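First, one chain by itself: the form predicted on its own, in structure tokens.
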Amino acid sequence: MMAWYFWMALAALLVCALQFIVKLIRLVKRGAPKDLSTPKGKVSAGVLYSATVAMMPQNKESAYLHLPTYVAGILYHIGTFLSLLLFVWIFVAFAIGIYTPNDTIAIYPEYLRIGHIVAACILFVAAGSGISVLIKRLINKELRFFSSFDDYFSNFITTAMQLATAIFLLYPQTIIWYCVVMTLAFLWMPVGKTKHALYFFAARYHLGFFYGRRGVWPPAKIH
């Protein structure tokens, strides 16, 4: 049976999910963009381009000028999604008995150790990328000007989530701290900048709709 600290993290995940559902319902109620102009292109092609090729650094306004930061951001986001997926996996593993609690230690089969080490290494790299992005925000005058408490704290709690997950995978006796950090992360996610995990997809859809309908995306090939 799972201990109180894991149920605490699950409760926080439920609160997070409910808030995201409410935000999603609000987005859906607002409907698709209304455009009465004569279409010159396909919305579907524009949306697909918006969510794929348009995200490449050479197609963004200035990302190609900051490739190390762009790559760090990609790695950081990979670590975030991996942390969330691993939390679901850990819950399922406890529920079906693959992981078993022993006081404040999680016991898991030896055959999972290699997977844990690989996942932890990925998360350490991702967290390091997040820290590098934070340092750049702190030392760059222009970035500091546009930054707020939300920017700093969202980075902090997301990086802490990745590190806590990695450390738990290697040292299961840290399960209480892992659950505490995940609880804080889930409670902050729908409140802070981290809620762009939902709004990102809506924004890319709207951009794709706008530019796809006008025939701007995908861009015409020049021969």
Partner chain sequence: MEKLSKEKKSCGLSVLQTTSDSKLETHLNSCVKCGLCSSSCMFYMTFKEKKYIPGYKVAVVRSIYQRYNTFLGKHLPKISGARDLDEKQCEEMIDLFFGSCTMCGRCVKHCSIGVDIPFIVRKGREMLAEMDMIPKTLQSTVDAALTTGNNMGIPTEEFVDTIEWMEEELQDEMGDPNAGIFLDKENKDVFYTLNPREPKFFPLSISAMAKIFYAANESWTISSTRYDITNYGFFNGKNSEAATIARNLYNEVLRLNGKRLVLGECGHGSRATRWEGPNLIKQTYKVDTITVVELIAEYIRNGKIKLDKTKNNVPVTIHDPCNLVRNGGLLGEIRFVVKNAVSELIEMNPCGNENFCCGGGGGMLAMSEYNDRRLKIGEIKANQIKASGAKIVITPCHNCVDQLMQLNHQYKLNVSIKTIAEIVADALVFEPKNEKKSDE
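What you are looking at is a predicted structure, and each value in this text was computed from that prediction instead of being measured. Positions refer to the first chain, counted from 1.
Not pictured, yet referred to below: the form predicted together with its partner chain.
A.B. asks: Work out which of the listed stretches, 110-118, 93-101, 80-88, 133-141, brings a heavy atom within 4.5 angstroms of its partner chain in the predicted complex.
C.D. replies: Contact criterion met by 133-141 only.
A.B. asks: Decide whether A45 counts as a contact residue for its partner chain in the predicted complex under a heavy atom distance cut-off of 4.5 Å.
C.D. replies: Outside the cut-off, so no.
A.B. asks: Taking heavy atoms and a 4.5 Å cut-off, does Y178 contact its partner chain in the predicted complex?
C.D. replies: It does not: once its partner chain is placed as it appears in the predicted complex, Y178 has no heavy atom within 4.5 Å of it.
A.B. asks: Is F6 close enough to its partner chain in the predicted complex to count, meaning some heavy atom within 4.5 Å?
C.D. replies: It does not: once its partner chain is placed as it appears in the predicted complex, F6 has no heavy atom within 4.5 Å of it.
A.B. asks: Using a 4.5 angstroms cut-off on non-hydrogen atoms, would T174 count as touching its partner chain in the predicted complex?
C.D. replies: Because no heavy atom of T174 falls inside 4.5 Å of its partner chain in the predicted complex, the answer is no.
A.B. asks: Though the partner is not shown here, which residues of 196-211 have a heavy atom within 4.5 Å of its partner chain in the predicted complex?
C.D. replies: Residues within 4.5 Å: H196, Y199, F200, A202, A203, R204, H206, L207, F210, Y211.
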